[in-house]
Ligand code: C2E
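The chain below stands alone, shown as structure tokens; this is the form predicted alone.
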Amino acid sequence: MSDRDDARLDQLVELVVELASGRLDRRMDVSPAGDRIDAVVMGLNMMAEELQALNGDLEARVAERTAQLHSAQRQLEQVALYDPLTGLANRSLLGDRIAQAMAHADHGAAPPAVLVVDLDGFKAVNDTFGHGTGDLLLVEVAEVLRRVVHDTDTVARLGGDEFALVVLDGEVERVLEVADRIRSALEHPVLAGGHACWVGASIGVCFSTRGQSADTLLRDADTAMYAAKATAPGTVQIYEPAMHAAALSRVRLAEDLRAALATDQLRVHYQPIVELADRSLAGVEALARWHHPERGPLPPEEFVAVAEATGLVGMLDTWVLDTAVAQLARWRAGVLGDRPFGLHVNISPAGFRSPRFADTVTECLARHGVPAGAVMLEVTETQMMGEDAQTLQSMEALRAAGIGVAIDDFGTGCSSLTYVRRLFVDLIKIDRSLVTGLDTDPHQHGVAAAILAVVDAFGLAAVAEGVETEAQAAVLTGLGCRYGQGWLWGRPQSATHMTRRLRATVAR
């Protein structure tokens, strides 16, 4: 073997060593001799080419799988930490952000503040335009909230139409400015799915203190939001410790009310409505009363407010309507006969916005055999929702069925003129605040006269509430008011006492 051959074998051994060490890009030139050594060299070169190609393909596959794993991890993180509809942080991520902010505060940073935002009127949007539009509205509101905070702050959706914000620099003026910007932005209609949606925002604010947990901070901000919603929707409330006790009391009262409705603890009392011309009994207003087993008689405004805040008001409305209509049926069968006599029943705005509300009322009347013209449904003026499509639809259906609608507390707001103008209303109930002092205050006299003139112009009848003196009744009669209601003719009384009064009236 020549020295040249020895050198080629050394190169061949070196190539094998390098290939074995993973350097698959190394190759050896084939000599002009074309002998068996060259054949081995060619074989090794070909094997190296194939191994290099396989290795490249393997690396590409590994890179692809790694990218897929990272993408899946990001998707799982998105699902776990972000709201799928709005892309905002969810409750879980919000808790982490609050905890981080509180930890930074423990090391000297400014403590954060939490705002909880709940939309007012969102259910009306869903009921009127559908849930698709409601979802688009939530997306638009999310964008509004993103725009009012810094990039370092966190905006989250807690669920439904409730949102939360974590403001890292919890300085009072800045936080309240954020709240005011949210409230101001939502005072204007929000475009969603081609619809102009009117929603406001009730906002609760809690300024943190060092050592406070994320759950407690969020709970307290939520409590402040419910306080805003209960006292004056569309406002901002700052958390105070007394709110927590009040919230617990409302929760317990709501649980008790649900049990009371299920176990027939509530009663309906009836207040007389008289024809002012001859003081004859024209009808009654049905009013819910509750003698709580532990707290005794509860003011109606207390438990009705709890019912409205907790979604029990629909159940309460239905129970009062069914109970009162059943009682009217008994009076018609045993005392009144076919004599004209009206039953007034209060219905919450949420009831009018229920898609099957008119059907529920007509089914109730049919079940008890009471004619539609004998029932008048009252809704409070200050709680009506302006041009709410579902409310208007319910009123149209009620009018078609011959069921009357009255606006209660007329004179305390202005939204009801929409319904008066569209002739969906049959009767106006003048608020008691306009009757007090009617016989002594010339200004009050002028206001009452103007309202009765409006009522007369639309061809409607009016009931004056809160009449307590004969002098007030005389002035109302002179102004052309047809009906009166108040302590002058009796306070709300049980069905038993009202039955006695009806028997005495019919016997005359």
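Residue numbers here begin at 1 and follow the sequence given. What you see is a predicted model, and the numbers here were worked out from it, not measured in a lab.
Not pictured, yet referred to below: the form predicted in complex with the named molecule.
Visitor: Out of Arg330, His244, His368, Arg289, which one falls within 4.5 Å of the named molecule in the predicted complex, going by heavy atoms?
Guide: Spelling it out, the residue with a heavy atom inside the cut-off is Arg289.
Visitor: From the list Ala142, Leu392, Ala124, Val304, which entry has a heavy atom within 4.5 Å of the named molecule in the predicted complex?
Guide: Answer to the contact question: Val304.
Visitor: So in the predicted complex, does Gly193 come within 4.5 Å of the named molecule, heavy atom to heavy atom?
Guide: It does not: once the named molecule is placed as it appears in the predicted complex, Gly193 has no heavy atom within 4.5 Å of it.
Visitor: Is there a non-hydrogen atom of Glu468 within 4.5 angstroms of a non-hydrogen atom of the named molecule in the predicted complex?
Guide: Looking in the predicted complex, residue contacts with the named molecule include Glu468, since a heavy atom lies within 4.5 Å.
Visitor: Please tell me whether any heavy atom belonging to Ile407 falls inside 4.5 Å of a heavy atom of the named molecule, as the geometry stands in the predicted complex.
Guide: Although the named molecule is absent here, Ile407 would stay clear of it in the predicted complex, with no heavy atoms inside 4.5 Å.
Visitor: At 4.5 Å between heavy atoms, is Leu165 in contact with the named molecule in the predicted complex?
Guide: Although the named molecule is absent here, Leu165 would stay clear of it in the predicted complex, with no heavy atoms inside 4.5 Å.
Visitor: So which stretch, 438 to 446, 47 to 55, 22 to 30, 458 to 466, is the one near the named molecule in the predicted complex (non-hydrogen atoms, 4.5 Å)?
Guide: So the stretch in question is 458 to 466.
Visitor: Could you list the residues in 329 to 367 that come within 4.5 Å of the named molecule in the predicted complex, counting only heavy atoms and keeping sequence order?
Guide: Residues within 4.5 Å: Asn346, Ile347, Ser348.
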